[in-house]
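One chain comes next, on its own, written out as structure tokens in the form predicted on its own.
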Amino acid sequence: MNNLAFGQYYHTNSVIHRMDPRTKILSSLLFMIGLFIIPKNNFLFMGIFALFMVITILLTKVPLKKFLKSIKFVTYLLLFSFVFQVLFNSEGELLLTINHNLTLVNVGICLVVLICLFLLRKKIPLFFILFLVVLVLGVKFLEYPVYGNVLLNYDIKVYTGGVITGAFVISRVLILIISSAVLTLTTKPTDLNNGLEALLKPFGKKTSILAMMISIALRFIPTLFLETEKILKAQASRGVDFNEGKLKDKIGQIVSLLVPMFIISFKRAADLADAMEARGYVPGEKRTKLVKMNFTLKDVIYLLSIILIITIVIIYRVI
């Protein structure tokens, strides 16, 4: 549970925390749009967006580890994206050519390394990096002389365009995730709901229901993770090991995890519905607010800063 950052609110008395929730929602949306209109492989504008996000993180006064935890769950996706671009993007100049004869010895070494690193995955946080290093070294230096029959002859070409595009894609995804984490870490679920409802109000009365659904979903993400962790510990205390056993046993273990999760989720939904009904909540009806939202000078400055950056990017693309 402590490793989960998305959906959690972290209280500090910072400028970003005191900003209007509508400002933070709009700025996050505009920031994401701006990231996707940056010209391809333009690291100048990507650096400007990254600098703006670094300044925002410093203003939040939230520990850096909270933002790093939000990245932890997408490390494999980032690694896959980078490797995919390097292997299949043939733009630019030829940077490296790898021609190998894959033998039984190479395959055996790779399998042994993979098994060892899988067994040590809990003790090595960055085990996949070590795996790649050992794998490359094993294939490269243990290929000659060739032992055994050649199973496969492969030719890998690495181009500068693939490396640059891979780095650009990783940068974009990282900044996108961190910008989302800034919104959830600095905005209370209640304020998030009020901000969404106020922004969606011009589109109809039913938008308040949609805003409530979104805020409740964000609020219960960490709660469901906590319940899952409790169930896993309870199952482990009864001798259930989700890492071992045959396929049939693992299916039964997954069922033993899913059934309590569904029951707890429905029970929490029923309790929440009773609590909202007891407090007089009627979907779609006009309600008063305990705290009124007001735009201040810092909200205007923050929004104008993002709009200015996006405007520069659009002008650059047009010209």
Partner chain sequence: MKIEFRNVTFYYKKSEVVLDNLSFTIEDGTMTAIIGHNGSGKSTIAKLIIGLLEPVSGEIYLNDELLTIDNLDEMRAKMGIIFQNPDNQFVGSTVKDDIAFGLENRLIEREEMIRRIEKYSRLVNMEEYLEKNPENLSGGQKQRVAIAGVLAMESDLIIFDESTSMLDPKGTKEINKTIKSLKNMNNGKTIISITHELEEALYADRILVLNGGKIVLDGSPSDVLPKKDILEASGLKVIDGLSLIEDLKKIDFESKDVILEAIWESIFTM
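Numbering follows the first chain given and starts at 1. Everything numeric here is computed off the predicted structure, so don't read it as measured data. For clarity, a rigid core is taken as the largest C-alpha set superposing within 1.5 Å between two forms.
Here the subject shifts to the form predicted in complex with the partner chain, a form of this protein not shown in this document.
- Interface membership of L95, defined by any non-hydrogen atom within 4.5 Å of the partner chain in the predicted complex, is ruled out.
- By the criterion of a heavy atom within 4.5 Å, R287 is counted among the residues contacting the partner chain in the predicted complex.
- In the predicted complex, the partner chain stays beyond 4.5 Å of every heavy atom belonging to K40.
- Interface residue remark: M276 is counted as part of the site for the partner chain in the predicted complex, having a heavy atom within 4.5 Å.
- Between 163-171, 87-95, 73-81, 189-197, the stretch whose residues reach within 4.5 angstroms of the partner chain in the predicted complex through a non-hydrogen atom is 189-197.
- Not one of R18, D20 and T60 is positioned with any heavy atom within 4.5 Å of the partner chain in the predicted complex.
- In terms of contact with the partner chain in the predicted complex, the residue from I216, L210, I156, V112 that brings a heavy atom within 4.5 Å is I216.
- Exactly one listed residue, out of L272, L68, I55, L29, brings a non-hydrogen atom to within 4.5 Å of the partner chain in the predicted complex: L272.
- Comparing the forms between this form and the one not shown on their rigid core, the Cα displacement of G161 stays under 2 Å.
- Relative to the superposed core, P222 undergoes a Cα shift of 2 Å or more between this form and the one not shown.
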